Each structure stands twice: as structure tokens, then as C-alpha cells.
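For reference, the chain that follows is the form predicted alone, supplied as C-alpha cells.
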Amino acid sequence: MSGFRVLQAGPVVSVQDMGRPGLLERGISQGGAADVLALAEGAALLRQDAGLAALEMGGIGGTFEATGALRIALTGAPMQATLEGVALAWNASHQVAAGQKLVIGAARRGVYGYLHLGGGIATDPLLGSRAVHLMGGIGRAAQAGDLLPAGPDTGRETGLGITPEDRFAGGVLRIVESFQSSLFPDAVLARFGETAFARGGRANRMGVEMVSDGAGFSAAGQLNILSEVIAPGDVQMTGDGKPFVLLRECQTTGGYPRIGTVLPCDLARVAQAGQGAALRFEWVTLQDGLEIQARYDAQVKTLPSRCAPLVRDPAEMADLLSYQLISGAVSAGADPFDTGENR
């Protein structure tokens, strides 16, 4: 069976897919990849379904040995990667032969890198998903000796690359008001949107702490709020006034007041922000938020068409004449010693 045997793995390496939607009433949040856009990018590079499982690597990857020939793609936070000692391009697809060793090191930017297999990782599904839910106790992180089997791969193409959306150094998080936003005075809501935040030290697949200078943020009567259903993107305000942006592996209920909800299309920017990365919230109306999300969803659908060969055959380049192919010219009759070309 084709796949990878794990020879060594970082502490937060796990199989992830799109998670388990629809199980909140059973106390299970959706979970799944912290950066679902990376799943879509890997699927585009391998010309396969974005719902297939991949290996998520938090901060550092591991060492893997191929048990058969297979195709791979590397996406998400850029990491050092070598195959049999030869450097591999990130955000690209590659062919791997049986017995070859793939080594993936630390992230150069961002947090979560992804290793995709042609056909996806075909571990046993549970409750409709192969995603490990670390907080919910479903599955566990990858360990040395584990086998990551590849599913049936009908594709053949490799050597493709894609330019990803840069989401690895913080930035703007667009946020809409939710049904608890009115608990916060207008002045607090305005100050929240004007404040420069940085990712704090408390962060995992469940949520990310935001820290800032100055006073914290609080709602009226926040100690009397009943626990209610919460969702990824909700921004909880803890007792000390520090906001936490909840991610896909968040709890299903919570009693901290929520100042608003970050758009789903910006959650990868939260998950991929390294400690200390600058982040800022920008209030948008619900209508604007829906339109922004719709444009993002449309862009994701174009990913397959945005993949291009890493090395292009000039005979197949329709835009060949748009490139500068000559870096200079010399005269066959010129004496190079007169012109200094040979000095």
C-alpha cells in the first residue's frame, strides 16, 4: 500500500480534513484543519477533492518514509522540506518513489503546514470524518511508527505550483456584530476596532489569545451571561478583558460575552499568525460580510485554474513572446579585448 510511515513527528502533527459539521448537539464541534484554505490549495495541486484528509503540522513537521510510489503536495505555512536530501518547493506537487525519505522541518512563517497525499490519507473515519479532534479526544497526534495510507489516486500530474494568499503574518480580521455585541457599550465597540492587537502566547487549535496595550474590554453584566452555543470565529471576552478568537476545535458552549464574529474567510489568518504577529479587527456590516465571504468562496473555486507547471515547456507556452528571452547581444566581428568583455 502506498503511503508514508512516520519515522519522527513534531508534537502537533495530526490527520485533518474538513471536520464533523452537525454534531454540536452531541457536544462535538466541527474541528478539522486549522487552515481549510490550505486543504483546497493542496487538492488543486493534486487535482483531487478538497474533502480528502491531509497531514497538518503545527510549527514543525517530521520525517516520513514512502511505502510505495505516490504523489504529494505541500501547502500552508512554508516549511523546510527535502526529499532524499534534495530541497522541495513549497506550494507545489511532487512525485515520491517507494523508500524515499521526506523530511519537513520548522515553519519559516506562519504556524500550520500541510502534507497532502494523492488520493488523500485513508485512515479509518469516525463519525463521518478522519479529522483528529485533539480537544475532544477523538484520535491522537501522529507518532513514530504510524502508517499514513494513501487512498486510491486516479491522478498522474505533478510538478505544479501555486501562489498562495499570504495569510502567515497577521493582518486585518473582518468582524460582524452578533447577538451579544449589544452588551458592549458603543465606545467599547469603537475602541475595539481602533486597537492594535498581537497574537498572545496562549493559542492552540481551539482558540487564539489577542493582547493589546491599554485597558481591556468588557460587557455590561458579563458575569450573569448564561452558557450558549458558540461557533468558530466568535470572539469571547475573558474576565481580564482579553479577547480570544475561537477556531474550529473550540468548545460548543461558553459563558463569556462575545463581542462579534470574525468572517470564516479570515480565520486562517488567525490560525496562521505566529506569536506577536500584528492583528487588527475591522467592523463590517452583515451584508458586507456576506458579500466578502461570497467573493472569497468564488476565489477558492478558481484554485485549480491557478496552478501552473513549476518548469514550463517553451513549446507549450502560449505567452512565450511576453517574456524577455535575450539578456544581451554581442557582435561576431567585435574584438572582446577591445570592448573589455573578456576582462
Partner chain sequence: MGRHEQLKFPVIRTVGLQGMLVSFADALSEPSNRATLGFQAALAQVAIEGVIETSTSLASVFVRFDPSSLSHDQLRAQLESLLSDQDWYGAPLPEGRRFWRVPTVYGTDLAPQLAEAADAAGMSEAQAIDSLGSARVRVLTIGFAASQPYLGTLGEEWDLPRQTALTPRVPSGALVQAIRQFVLFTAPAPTGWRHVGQTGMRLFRPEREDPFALRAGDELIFEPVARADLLRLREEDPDNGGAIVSEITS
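Positions refer to the first chain, counted from 1. Given the structure is predicted, the values throughout are model-derived calculations rather than measurements.
This next part talks about the form predicted together with the partner chain, which is not shown.
K.L.:
Decide yes or no: are 184, 227 and 290 jointly within 4.5 Å of the partner chain in the model of the complex, with each residue judged by its heavy atoms?
P.N.:
All three within 4.5 Å in the model of the complex.
K.L.:
Among 245 to 253, 165 to 173, 70 to 78, 110 to 118, which stretch has residues whose heavy atoms lie within 4.5 Å of the partner chain in the model of the complex?
P.N.:
Result for this chain: 245 to 253.
K.L.:
May I ask you to state whether residue 286 is within 4.5 Å of the partner chain in the model of the complex, using heavy atom distances?
P.N.:
Residue 286 belongs to the contact set for the partner chain.
K.L.:
Please run the contact check for residue 26 against the partner chain in the model of the complex: heavy atoms, 4.5 angstroms, yes or no?
P.N.:
Looking in the model of the complex, residue contacts with the partner chain include residue 26, since a heavy atom lies within 4.5 Å.
K.L.:
With heavy atoms only and a cut-off of 4.5 Å, decide whether residue 137 touches the partner chain in the model of the complex.
P.N.:
Flag for residue 137 set to yes.
K.L.:
Is there a non-hydrogen atom of residue 203 within 4.5 angstroms of a non-hydrogen atom of the partner chain in the model of the complex?
P.N.:
So residue 203 does not count as contacting the partner chain.
K.L.:
Quick check on this chain: which one of 93, 129, 261, 272 has a heavy atom within 4.5 Å of the partner chain in the model of the complex?
P.N.:
It is 261.
K.L.:
What is the one choice in 198, 189, 103, 122 with a heavy atom within 4.5 Å of the partner chain in the model of the complex?
P.N.:
Result of the distance check: 189.
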